[in-house]
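The same protein chain appears twice below, in two forms, each given on its own as structure tokens and labelled structure 1 and structure 2.
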Structure 1
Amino acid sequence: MPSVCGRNSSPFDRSDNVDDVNRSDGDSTSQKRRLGGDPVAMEVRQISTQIKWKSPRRCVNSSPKTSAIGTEKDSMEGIVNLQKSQKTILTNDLTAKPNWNPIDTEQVSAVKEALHVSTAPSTVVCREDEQRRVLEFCKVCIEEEKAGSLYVCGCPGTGKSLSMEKVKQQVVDWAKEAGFHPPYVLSLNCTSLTNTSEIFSKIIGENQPKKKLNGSTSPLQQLQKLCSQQQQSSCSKMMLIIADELDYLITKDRAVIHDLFLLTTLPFSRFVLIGVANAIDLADRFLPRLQSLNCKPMVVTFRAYSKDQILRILQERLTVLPYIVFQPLALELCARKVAAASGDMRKALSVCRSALEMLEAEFRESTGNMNSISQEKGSLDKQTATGPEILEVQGNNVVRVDHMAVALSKTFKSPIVETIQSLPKHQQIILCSAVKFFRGGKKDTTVGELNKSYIDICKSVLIPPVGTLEFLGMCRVLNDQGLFKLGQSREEKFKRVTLKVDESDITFALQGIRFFRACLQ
């Protein structure tokens, strides 16, 4: 017969169970303290708190004899197993990647190759819609055995040429799978032609490689004759022509580019022409005759990359590497600046390579300095700094935000940034004081208040501040250079001061210097 609990007793008063519960509570409390700053542990704890505790009376499989301790133990075991599985997965992901060593020439070469413009990624991301439109156009032309023309335009570095290479292979693969004859493919860069009319020789040479050119007629005339009469062979193939840098064919009379597009309008033409260029209005400005004949080419525009697209493309390129090379904030800074300036992906890749070279130079200098110190101490054999030791000392073996900021400033030099970078040190400190002072939402202040902020910064970095009169003179200089705006007042210290440049320009200009990074924090 089961014993009846006393008035003050409970099912949890058994000593062994109480010890287990207390022990588990103590362990979880210590674990929280140990992992309080770990975002992974915080995420695991959030997941665990979502598991609802069930009362034994409300459980489907429970009975009046079910122990509440047993139910609590089962729930605790489920959470522990969840935490272990989460930690195991994260640990495996971290330990699977070797340490990145900026001194290892092979690793540096691999990163530079991944970020090189000529390296074609395995997948072309952020241009799926444009590729789909071009591919559908080619499919319709091949299915209906009908010639057509398409014009691809967009700013430099927006993925036009890379997408066309992808589409070219997709068209051939689709034709084979769908049971059509794969088209002849002629892909050329018009800048490689010795003269603009040579493109017609390239086309007829690809279309009829065994047929010799007749000296009495030009390649253009032969193509026009070929497209004006019905072909004897019933299985003659279509021909896909991708002409990159099409604007190179624009001559004074525009005859070549007109004749090229007119080939697709002839009655028996089997040419699918895709022209690629940067000029967005080329079809309107240089092909008015085609528009009058109602055969204006279809236009697909590649817009400039956004910040999120640039960031995604950079991450896609870096995923092939088995180690982390860039700080996430550094990549985001690069994406923001390039997207705001031009949206040119080639610029973003160039900036990342430049920042990588700065990190490489920094570690080479650290290696030389540590080796020279070891030689001076007379313990070169035992204390010579090797690559891993330097990484351990440095603690920052990835491309940081300051590296990226300097690389961006070299690539996108603005007059304001150059002006700020060329100022004397104390004037730069005054600008830092203004930035820190206006972060609270204030739009202006007095010269006296700004002077107090300037003195506080100088004391924090152990630099003697200048006198009041010299400070007022430097504020006037900043006003003359268009960085400050000084108001009117009888007393100098009561003049209102306003920043006339964006705070981000000041931060961007001075972020590459460690001293000013400390001032701006």
Structure 2
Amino acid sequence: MPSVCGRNSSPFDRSDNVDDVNRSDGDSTSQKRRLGGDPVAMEVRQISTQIKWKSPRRCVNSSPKTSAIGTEKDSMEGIVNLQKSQKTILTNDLTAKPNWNPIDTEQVSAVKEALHVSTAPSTVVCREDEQRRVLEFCKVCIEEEKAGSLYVCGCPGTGKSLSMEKVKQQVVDWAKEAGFHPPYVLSLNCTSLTNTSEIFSKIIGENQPKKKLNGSTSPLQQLQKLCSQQQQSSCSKMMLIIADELDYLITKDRAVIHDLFLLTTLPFSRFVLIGVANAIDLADRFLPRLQSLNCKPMVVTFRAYSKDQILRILQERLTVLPYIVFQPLALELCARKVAAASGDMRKALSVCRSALEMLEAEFRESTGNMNSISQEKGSLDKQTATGPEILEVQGNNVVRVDHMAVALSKTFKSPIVETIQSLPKHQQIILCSAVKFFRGGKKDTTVGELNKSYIDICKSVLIPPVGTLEFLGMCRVLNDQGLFKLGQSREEKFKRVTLKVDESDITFALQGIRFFRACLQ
């Protein structure tokens, strides 16, 4: 099942792809597209790669004559405006994309919007294959007017819901073009149902909006009747149901999810059901009966994004901007890291955003004490055409690898060592005693035992130990911090305690303190 799109192309030979985009889909983001022509984007990227490593000489030289921040903002505003007008001229006669200015709030917010999860890109890059398969399936169903079911699975943040949105649109468009009745479309998120069986009433409400619900029979029974009897031609429209987070329909007896899928197997059913969820084996585990009926839904898997895919998606999102914001290397670092961790696109986007914020903060700081510089820089930006000044400004402006690295480490590093070091003394002693306790190869102990060992340590260094209740409170805090795991027990004293962090981590964190070093020897 080749679910991953095989195009692992480098970011730079993307022009054909972009053309694709323009042709296939011009529905929603024509406005954004206007911001930057694609050929321009290409050129600028090349330019930027050549010029990015220049040193920011200007900043160091200028005299830091500060004024009030308010006035600075005002003047900045004026400059920005000037700059913008200048910019349009520039792009007209030079076709070189101006580098962006992190102080310009408009540009910053444009970048942020481009990187936001809610911004649906015009095309879903790297998911063409999956999308095509789902679309094909729908087409076949509609063409042949037969019911069918499909199950889409994949990790969080792999573009499932987004792709389904696109597919939904495409199916309707296609049906119109090809002369079929456009199907009813019901797209719902199962988490928003207050009751699992509510889904049936939603379906029936969509199917027959005019008819009042029959009080005597349940919506499910009505649906079943509807599907098992020959219908008049009048309501022969197909119905496309996209159920996101399908696993929320799993009840104890699994009746709802079963009935839902069984609807598609009934003789006169006209439902095309697409279920979306995370679990790869949901169909196998929860729908064994369907298997026996030999109408197991087709499965489309969305694999976690690879590093190249993440990189491409990020670049795709950034092409709508008429300026360079990220160093290509920084993007690649982000892509690699995220792909290695989870392949979650949401994470990649938020890492990029936090890197951007870091740059912003840096600029705010520098403008705080170097107001005049930034003004000068603004005036420099006006004359971007003239020679090498542009280069150094740009090198300073974009999000660099170091920003990205900091953002990544903020996201992915585990803060265990710092957490342990910032704990109060007695909690550190408890950890220390736990380490000593588990040295003997034991895996777990009770709170009472741990208390004894803690008191022993305290006595050995002449620190008055805290009372039992206090001790229990501290254990709970450690549990909250994710350092301990407290089991369930009726008696507080007999709760099982296991250490959730590595012993060596604790030893490493506490070795700076002589007292603990002696203790842990």
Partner chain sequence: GHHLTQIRGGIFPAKTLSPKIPNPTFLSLNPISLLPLQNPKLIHSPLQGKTKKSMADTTPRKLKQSLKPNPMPKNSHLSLSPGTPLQPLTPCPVRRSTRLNSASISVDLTTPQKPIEYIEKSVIYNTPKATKIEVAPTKTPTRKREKESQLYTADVTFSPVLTPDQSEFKKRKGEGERRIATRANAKNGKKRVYYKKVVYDGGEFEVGDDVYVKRREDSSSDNEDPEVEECRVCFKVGESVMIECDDCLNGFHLKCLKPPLKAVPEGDWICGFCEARKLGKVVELPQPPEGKKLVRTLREKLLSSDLWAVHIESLWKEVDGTYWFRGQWYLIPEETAAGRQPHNLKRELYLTNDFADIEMESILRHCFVTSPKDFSKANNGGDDVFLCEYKYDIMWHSFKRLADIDNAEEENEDSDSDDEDWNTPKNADSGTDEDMEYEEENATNSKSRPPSANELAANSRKGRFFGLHKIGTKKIPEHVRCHKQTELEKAKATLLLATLPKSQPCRNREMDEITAFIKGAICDDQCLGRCLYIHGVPGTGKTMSVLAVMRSLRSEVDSGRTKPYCFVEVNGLKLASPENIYRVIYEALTGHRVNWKKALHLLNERFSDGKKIGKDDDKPCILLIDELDLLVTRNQSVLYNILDWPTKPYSKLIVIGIANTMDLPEKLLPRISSRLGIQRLCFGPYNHQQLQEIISCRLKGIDAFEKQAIEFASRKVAAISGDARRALEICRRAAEIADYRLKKLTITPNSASAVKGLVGMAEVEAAIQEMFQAPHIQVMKSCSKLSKIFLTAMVHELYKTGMGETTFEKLAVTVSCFCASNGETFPGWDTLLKVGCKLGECRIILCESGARHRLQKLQLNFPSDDVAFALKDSKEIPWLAKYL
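In this text, the rigid core denotes the largest set of C-alpha atoms whose superposition between the two forms falls within 1.5 Å. Only a predicted model underlies this, so the values are computations on that prediction, with no experimental measurement involved. Numbering runs along the sequence of structure 1, starting at 1.
- Structure 1, not structure 2, represents the form predicted on its own.
- Superimposing on the larger rigid part's C-alpha atoms between structures 1 and 2 leaves the smaller part rotated by 108 degrees.
- Summarising the core-aligned comparison between structures 1 and 2, the C-alpha atom of Glu418 is found to shift 7.1 Å.
- On core superposition, Gly482 has its C-alpha offset by 21.5 angstrom between structures 1 and 2.
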